[in-house]
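A lone chain, given as structure tokens: the form predicted alone.
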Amino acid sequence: MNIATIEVNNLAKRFKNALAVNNISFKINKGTIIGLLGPNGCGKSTTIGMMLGLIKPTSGTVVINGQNIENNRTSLLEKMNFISPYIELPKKLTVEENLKVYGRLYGVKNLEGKISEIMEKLNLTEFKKRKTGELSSGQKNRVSLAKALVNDPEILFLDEPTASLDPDVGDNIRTFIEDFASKKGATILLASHNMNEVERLCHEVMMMKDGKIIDKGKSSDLINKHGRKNLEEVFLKIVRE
């Protein structure tokens, strides 16, 4: 029996005269990785913000582990984390200091050991004493991922987790995400413009355009349905329609 960890019901968000998210509904089952695809400005980041309880919906609900995020944000966030290219970590703190701050916020036990383990796995140990603001964009991305994993989250929201990474590091990060999801049984929502990444990591995909979910299913099923060779061609078809 599939158990829904996340239920989004008739979710909408209006900013002044613009409808950023238009009445979307979906479920994400426990232990699955779901891709959220769409062009810039389609509502992906706003949707993730509402699912984290950072943005108040105009209407609709986000239910996580049977609880409404708006009413239970503090207790639910202890089991969640996220990475977003639009939210920078404090630039004047070192990598190690940033991870300590976030680890304490989440009440992580054996924090020193946890930070050492994550930094080693993400090849950050040599940068640990450097200020985050002095790092390259790719290095900052890896630090953000380390921050997102410091509390061993059950639910993880990944917004462009491999943006600005070279192919080798990006591949290592994808392998890391696969291993983390497998070992922890984590539930993950992945927003990405890297179609190969989505095909590799995601059990199912949701296609978003103009604030709506316009198609969803397994990558292979969407490729066959739209008569295309790969997911990137499906994406381009949907975006240009």
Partner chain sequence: MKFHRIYALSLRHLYVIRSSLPRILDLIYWPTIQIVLWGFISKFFATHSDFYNHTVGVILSAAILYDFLFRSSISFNMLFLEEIWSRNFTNLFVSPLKISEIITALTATALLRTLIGIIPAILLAAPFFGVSIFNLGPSLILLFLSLYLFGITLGLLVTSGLLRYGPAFENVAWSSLFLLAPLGCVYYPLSILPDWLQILAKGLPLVYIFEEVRSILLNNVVNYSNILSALILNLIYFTSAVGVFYLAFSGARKRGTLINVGE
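Keep in mind that what you see is a predicted model, and the values were worked out from it rather than measured. Residue numbers count along the first chain shown, from 1.
What comes next is about the form predicted together with the partner chain, which is not displayed.
- In the model of the complex, the partner chain lies within 4.5 Å of some heavy atom of S45.
- The closest non-hydrogen atom of G138 lies beyond 4.5 Å of the partner chain in the model of the complex.
- For V101, a non-hydrogen atom is located within 4.5 Å of the partner chain in the model of the complex, even though that partner is not displayed.
- When contacts are judged by a 4.5 Å heavy atom cut-off, F127 does not count as touching the partner chain in the model of the complex.
- This chain lacks the partner; the member of D171, E88, E117, E134 within 4.5 angstroms of the partner chain in the model of the complex by a non-hydrogen atom is E88.
- L77 is the sole member of L77, I155, A146, L165 with a non-hydrogen atom within 4.5 Å of the partner chain in the model of the complex.
- In summary, the region of this chain contacting the partner chain in the model of the complex, judged by heavy atoms within 4.5 Å and restricted to 189-197, 203-211, 24-32, 49-57, corresponds to 49-57.
- Applying a 4.5 Å heavy atom cutoff to the partner chain in the model of the complex picks out no residue from 181-217.
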